[in-house]
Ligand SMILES: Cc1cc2nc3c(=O)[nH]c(=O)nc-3n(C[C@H](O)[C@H](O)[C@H](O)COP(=O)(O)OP(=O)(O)OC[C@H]3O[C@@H](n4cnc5c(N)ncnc54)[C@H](O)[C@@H]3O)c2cc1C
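In the block that follows, a single chain appears as structure tokens, in the form predicted alone.
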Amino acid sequence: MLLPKFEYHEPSTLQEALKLLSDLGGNAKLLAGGTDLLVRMKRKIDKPSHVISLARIPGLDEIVPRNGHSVTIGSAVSAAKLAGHELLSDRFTPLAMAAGRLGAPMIRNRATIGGNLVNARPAADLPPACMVLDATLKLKSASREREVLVNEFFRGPGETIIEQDELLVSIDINTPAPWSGGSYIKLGARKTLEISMVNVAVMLTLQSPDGSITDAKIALGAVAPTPVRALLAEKQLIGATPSEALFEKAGQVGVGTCSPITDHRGTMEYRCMMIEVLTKRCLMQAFERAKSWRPGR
């Protein structure tokens, strides 16, 4: 299938890109990795008159630690770079794990974190991971800049709060507290190039290696119109002593957060069962990582 005709722009600065986005209005689309946009253009779902490439804009493809307190991830950082980054694997584990499960190696080399978030697919890999890490998204236009919490970013399938003239510039994440651990699990019919039937991301923080849970975050994908936080399950965990029975109960409570559908990948009933199973499993993995936390690791 051929792409529809369009005018191609390759700005070399962020300011130039934002001005183009403002001037061209709804006739323009942003191109980062292109793993979603080019497919949609070939299928004639999107027919932009202008395509603005982000490839030459400096800084958008960088991961920058901030004195051990936080990390700033440019919106054009690829999934492969996220998955292979030592700091992310160590301290921001759900994000690195989710990036490693996105698509196949060829897709991971092109797909970007910004595109995965802005496309707002209910089954996307990176949103749940960003949600349990309390990520903040920096949005910029030619005339303004704002920061929004990732938990407030999604409105529905393919819909976010980003405005037509805005660009997602970066994702900022504070470093998790000591004795924290996280995990991510994705369920699909195959290991690569699969859309999730259910995906689960978790972050746990312990008072000490053998202490109670001081903070818990659970996010679920592919089970509602947007990725969701299992707030009631989180509340049940905080202050409690970790145990397999506790984590099993949290999985059962988490089902109440969701409204899964039946489609060709799985039934509603099967998805509900898997929410329980995978939430428990993800919590167990996060607990083991939290217990083995080490300063400066």
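One-based numbering along the sequence shown. Please read all numbers here as calculations on a predicted model, not as lab measurements.
One more form of this protein should be noted, the form predicted together with the ligand, which is absent from this view; the next part is about it.
Student: Given the ligand in the predicted bound form, answer whether the residues 83, 88 and 284 all have a heavy atom inside 4.5 Å of it.
Tutor: No, the whole trio is out of contact, none within 4.5 Å by any heavy atom.
Student: Counting only heavy atoms and a 4.5 Å cutoff, which of 105-113, 220-228, 129-137, 175-183 contacts the ligand in the predicted bound form?
Tutor: Looking at the other structure, the answer is 105-113.
Student: So in the predicted bound form, does residue 166 come within 4.5 Å of the ligand, heavy atom to heavy atom?
Tutor: Yes, contact at 4.5 Å.
Student: Is residue 118 part of the interface with the ligand in the predicted bound form - any heavy atom within 4.5 Å?
Tutor: Yes, residue 118 is a contact residue.
Student: Can you work out whether residue 32 and the ligand are in contact in the predicted bound form, taking contact to mean some heavy atom pair no more than 4.5 Å apart?
Tutor: Judged by the heavy-atom cut-off of 4.5 Å, residue 32 is in contact with the ligand in the predicted bound form.
Student: According to a 4.5 angstroms non-hydrogen atom cut-off, is residue 39 in contact with the ligand in the predicted bound form?
Tutor: Answer yes; at least one heavy atom of residue 39 falls within 4.5 Å of the ligand in the predicted bound form.
Student: Among the candidate residues 150, 198, 203, 124, which is the single one with a non-hydrogen atom no more than 4.5 Å from the ligand in the predicted bound form?
Tutor: The residue in contact is 124.
Student: Work out which of 54, 63, 253, 258 lies within 4.5 Å of the ligand in the predicted bound form, going by heavy atoms.
Tutor: Contact check passes for 54.
Student: Any residue of 226-250 with a heavy atom within 4.5 Å of the ligand in the predicted bound form counts; write them all down in order.
Tutor: Result: empty, none.
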